[in-house]
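Consider the single chain below, provided in structure tokens and representing the form predicted on its own.
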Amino acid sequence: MVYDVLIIGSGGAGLSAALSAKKEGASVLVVSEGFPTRSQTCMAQGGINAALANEQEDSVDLHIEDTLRSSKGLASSIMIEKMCKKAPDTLAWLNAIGVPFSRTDEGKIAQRRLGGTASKRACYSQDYTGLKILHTLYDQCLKEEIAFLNEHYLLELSKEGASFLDIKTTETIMIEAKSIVMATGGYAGIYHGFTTNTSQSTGDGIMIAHHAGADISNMEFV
């Protein structure tokens, strides 16, 4: 079978992409080195910033201003503007699919202030924000009958698709796809004993994408 979309990585980015592709009618396969519910996303605790103004006065323009200032001029102003403008809709979507956000007395999504912001802007779910989001996304993927292939290690990308090593059997397989979404995460796991990242965050996907000709940027940020 040739899939419309092959998604490599099953964290928050990969599962969100899977749901979006499925909604557009594409055939989707998510392949991961481990299991979706153990992805690095589950370690994110603090919250997600969005200018909802549920706790105090706020605006998208202030969100953009704070983010640009916190980036010390290093971030792309175009990408920051896109992220901040889309943040309220993203939170509305996560809320609609069932993420159990903490609530105000009025029943709105609770927000608190995190570093680098002038407003209470971070939407959270107790201190398990990433975990709650990840499990909700995975539940939605199961509901949409999205196909998963776990414990398969990415070996190589090609114009036809990607090859993987079956960790349990040590056999290699080729999966054909019309398009590929790389959502393999970062590489902080290589700093054993000095990071909260999973040991599976080894940067293999970044390396393999680079070998396949992808542009790599901002590798100094861990």
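Note that residue numbering follows the sequence shown and begins at 1. It should be emphasised that the depicted structure is a prediction, and the values quoted were computed from it without experimental measurement.
Separately, the form predicted together with a small molecule exists; it is not shown, and the next lines address it.
Residue contact check for Asn197: one or more of its heavy atoms lie within 4.5 Å of the small molecule in the predicted bound form. Contact annotation for Leu6: none of its heavy atoms lies within 4.5 Å of the small molecule in the predicted bound form. By the criterion of a heavy atom within 4.5 Å, Leu154 is counted among the residues contacting the small molecule in the predicted bound form. At the 4.5 Å threshold, heavy atoms of Ala21 stay clear of the small molecule in the predicted bound form, well away from it. None of Gln40, Asn54, Ser27, Thr67 but one reaches within 4.5 angstroms of the small molecule in the predicted bound form through a heavy atom, and that residue is Gln40. For the options Ser179, Ser59, Ser158, Gln45, the one in contact with the small molecule in the predicted bound form, meaning a heavy atom within 4.5 Å, is Gln45. Listed stretches are 83-91, 146-154, 67-75, 100-108; the contact stretch with the small molecule in the predicted bound form is 146-154, by a heavy atom cutoff of 4.5 Å.
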